[in-house]
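Have a look below at one chain only, the form predicted on its own, in C-alpha cells format.
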Amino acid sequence: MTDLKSIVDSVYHDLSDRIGEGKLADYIPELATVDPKQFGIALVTTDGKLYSAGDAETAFSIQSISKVFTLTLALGKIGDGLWKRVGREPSGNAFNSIVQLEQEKGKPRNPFINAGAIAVADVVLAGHAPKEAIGEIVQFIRQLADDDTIAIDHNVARSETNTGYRNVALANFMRSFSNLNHPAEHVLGVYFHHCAVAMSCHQLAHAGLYLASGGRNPLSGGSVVSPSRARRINALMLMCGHYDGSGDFAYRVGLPGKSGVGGGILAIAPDKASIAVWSPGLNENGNSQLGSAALELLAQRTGWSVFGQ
C-alpha cells in the first residue's frame, strides 16, 4: 500500500531548500508583490483523504488553472460545438501569441492559451450580463470544492484589467474574425475576473476531484460531466496545460495538469487523486519551477504516470 502521507512529506522536505526559486509573474503588477518563499502541496484521493504539506492552506491567484473550470462550463452549454471555435492542438508558441491567431484566422489553437480561454469566456457569457457569468463561474468552483469562501481577488482582477493590453488585442482580433459574439470588453471582464479567483492548494485539489473520478464528484456523489468528457478534458490538460512546456511536463510527470502564472498547478491522477501544488516562482515557460519539480518527484514515488510505472 502506497504511504501517501510519507510521500507528500518527503517531496516537500526534499525541495524545501529550493523554496524561492524561479521568477514572479511581474507583468501583472499585483502578482509581483507575492512573497516568493512559499510552497504548498495538497493531494486528495478519490475517497476523500487529504494529504498536505507546507503552505497548502494559503490562498493564491489560480490564474489559468481557472480555464479548466470555464472549459467544463462551456462544454456543458454547447458541447462539441465549442470545437468549431477553438482547436484541440498544442500551440508551440507563447500563451499570448498574436501571430498564431492571425495565421489561423482567429481560431485559437486550444482552450488553454489566452485566446482560446477568451473564446471560452464568450461562450460562458451567452445569455448573461458579465457579472452574472462571473458569478456562475465562482459558484461552480465553490460547488466543486465544497467551499463557499472561495472568491475573486479584486486587486488582481483590477491589476490585470489595467495592464492586459495584449489580451485586449487578442479579443479584438477574434472579434474581427467573428469568433466573439459579445463586445470584447464584456468578454475580457469575465476572463480577467475568473483568472483572479484565489484558492489554496487544499481547495484546488478538492475542486479537481471530478476529473480524477470519471466526471463525478466522489464526495457529494453528484455527476459533473460524463466519463468521456472528463477523459477528454484530461487529454487536453496533458497536451496543452503547460503552454510551450506541455511536452516536457508530460515527459517528466506523465499526468494531466494545468498551470497558472500565479505559481499553481492542478494535476490529475485518473482514478486515484487530484493534486495541487503552488510556489510563485516561474520557469522560462511560465510554469511553477518548484511545483513542476514537486509533481515530478510525486509521480516517481507513487508510480502514477498515465504511461505506466
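One-based numbering along the sequence shown. Since we're looking at a predicted model, the values are computed, not measured.
Beyond the structure shown, there is the form predicted together with glutamic acid (GLU), which is absent from this document and is the topic of what follows.
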Is residue 72 close enough to touch glutamic acid (GLU) in the model of the complex, meaning at least one heavy atom pair within 4.5 Å?
-> no
Find out whether any non-hydrogen atom of residue 114 is located within 4.5 angstroms of glutamic acid (GLU) in the model of the complex, and reply yes or no.
-> yes
Exercise: residue 153 in contact with glutamic acid (GLU) in the model of the complex, heavy atom 4.5 Å | no
So, in the model of the complex, is residue 257 in contact with glutamic acid (GLU) at a 4.5 angstroms heavy atom limit?
-> no
Could you tell me if all three of 41, 200 and 202 have a heavy atom no more than 4.5 Å from glutamic acid (GLU) in the model of the complex?
-> no
Assert contact_stretch over 249 to 257, 270 to 278, 62 to 70, 41 to 49 against glutamic acid (GLU) in the model of the complex, heavy atom within 4.5 Å, equals 62 to 70
Residue (of 211, 121, 237, 195) lying close to glutamic acid (GLU) in the model of the complex, criterion heavy atoms within 4.5 Å = 195
Only hit among 97, 167, 159, 91 for heavy atom within 4.5 Å of glutamic acid (GLU) in the model of the complex is 167
In the model of the complex, residues of 198 to 224 near glutamic acid (GLU) [heavy atom within 4.5 Å] | none
